[in-house]
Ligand code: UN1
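We begin with a single chain expressed as structure tokens, specifically the form predicted on its own.
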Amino acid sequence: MNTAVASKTETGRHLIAGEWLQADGETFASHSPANWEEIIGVFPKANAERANQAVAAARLAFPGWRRTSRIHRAELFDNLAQIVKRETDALARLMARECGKIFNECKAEVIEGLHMIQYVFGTGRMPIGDVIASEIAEKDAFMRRKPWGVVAVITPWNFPFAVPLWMLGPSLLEGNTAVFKPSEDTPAVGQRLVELFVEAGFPPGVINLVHGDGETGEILVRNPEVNVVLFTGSYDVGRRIQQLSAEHYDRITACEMGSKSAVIVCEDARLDLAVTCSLLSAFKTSGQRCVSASRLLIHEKVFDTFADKFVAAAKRIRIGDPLDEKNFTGPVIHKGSVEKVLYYNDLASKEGADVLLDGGPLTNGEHAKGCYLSPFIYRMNHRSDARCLREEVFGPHVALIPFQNNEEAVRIYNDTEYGLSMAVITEDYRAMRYFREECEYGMGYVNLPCIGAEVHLPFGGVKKSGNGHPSAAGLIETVTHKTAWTVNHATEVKMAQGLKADVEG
């Protein structure tokens, strides 16, 4: 691939009721994490007036959009799919510049977003309910799904294209309208996605875009005209969203909120496979996926051999320019992330870690202007009081933890407040089933990394990782509500449960 791509500075705009609005107040810049001096664009920060205006536009568009044929709504997603196919490489380059993921990962994410669009298009002609038997022969009973109304979509920087589509796709297909606030770290990708929705023919007000930070997000959450809030990000923010939403009697929230995910390497594991799966789990996207493994649980009988292979492989990882396809990973998202990861590296040492690979900032040559970190790997016996083994780091920081048997591995895996993703590397089908049944997770993998979601499966977790409303294919349960519809075909009233229908004595 030719990495000499001309940089373009994006002009940030809101989209409200089909009208693109330039900045009329406070703005913020989006910087490239690979070169902090490069500004991707300057974007307006939505104040309360703008954010509430977007909600009002979505509310106004809702009745007409809800009454639109579901198949017609789906066909607009087919239009969107064709546009995304055309724009795949350009979208991937913009994403690589703005969030620092390597080009191959960015292109894979665009394809994942495309898959979500295609999935939504395909479900447009699928049933929206069920025909259910009634106790009374003359009655027909139905379960039908109906949209809630206005959906606020608040998304993270690390998957700035696919995650919004996980949320916007099912929401809009089912007849809801939306206000979308992308992460303040990746506003250019979010804006470009909305531009594609407009090109695909989605009517004014059906999707609205506002830029901003947590303050803007909170304005949306506080607005009583918002029926559903869909959020991916930290637990602290997700908890705040749920607390504020409890004040609204008709508010539904779906929050995916972080993890302390793990790979479990059993005694019988194929070690080369285990090393590959663990490297991808821990260091792809520089460990900045919500499902990234910051813990590797290794059977004590294979621990030393695995650790030697894993550290040696980690030393060979190429870290650099996201637009250079030879690199395995790029920078972390910003300077604050560098500081956070270094804090946890230092904390691990203070908590008694045996450091196997002392990672840290890369500051020479091509890394000089970016937020680059090399992997930090350490050994530590499990302790419930060790913060580095329990708190989310979100960077290239991983603990190798020995265990004696599968029962202990489950106890260690479950000993966090999170429960998002896990993988087990084993040839034993009984062990696979044991971990499947006993571990607390939302997504589980066998002989695979603990990353790699597919859109036709639910994406979410338990405990602090989620609130029981998974995203992607599972989101239909959140953005619609079930209704019962019963029709009597007789000329007299017959009641269920033997209830008498006589109105005269």
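None of the values given here were measured: they were computed from a predicted structure. Counting begins at 1, following the sequence as shown.
What comes next is about the form predicted in complex with the named molecule, which is not displayed.
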Response to the item:
Picking from 291, 114, 96, 269, the single residue whose non-hydrogen atoms come within 4.5 angstroms of the named molecule in the predicted bound form is 291
Fill in: Contact residue in the predicted bound form, from 55, 448, 473, 453 (heavy atom within 4.5 Å of the named molecule)
453
Practice prompt. Within 4.5 Å of the named molecule in the predicted bound form, counting heavy atoms only, one of 355-363, 174-182, 133-141, 152-160 shows up; tell me which.
Written response: 152-160
Worksheet item: Does the 4.5 Å heavy atom contact test between residue 441 and the named molecule in the predicted bound form come out positive?
Response: no
Worksheet item: At the 4.5 Å heavy atom threshold, is residue 459 in contact with the named molecule in the predicted bound form?
Response: yes
Item to complete: Kindly indicate if, in the predicted bound form, the C-alpha atoms of residue 406 and residue 470 are closer or farther apart than in the structure shown, bearing in mind the change is 3 Å or more.
Response: farther
Discussion item. What direction does the residue 470-residue 209 Cα distance move in the predicted bound form compared with the shown chain, closer or farther, given a change of 3 Å or more?
Written reply: closer
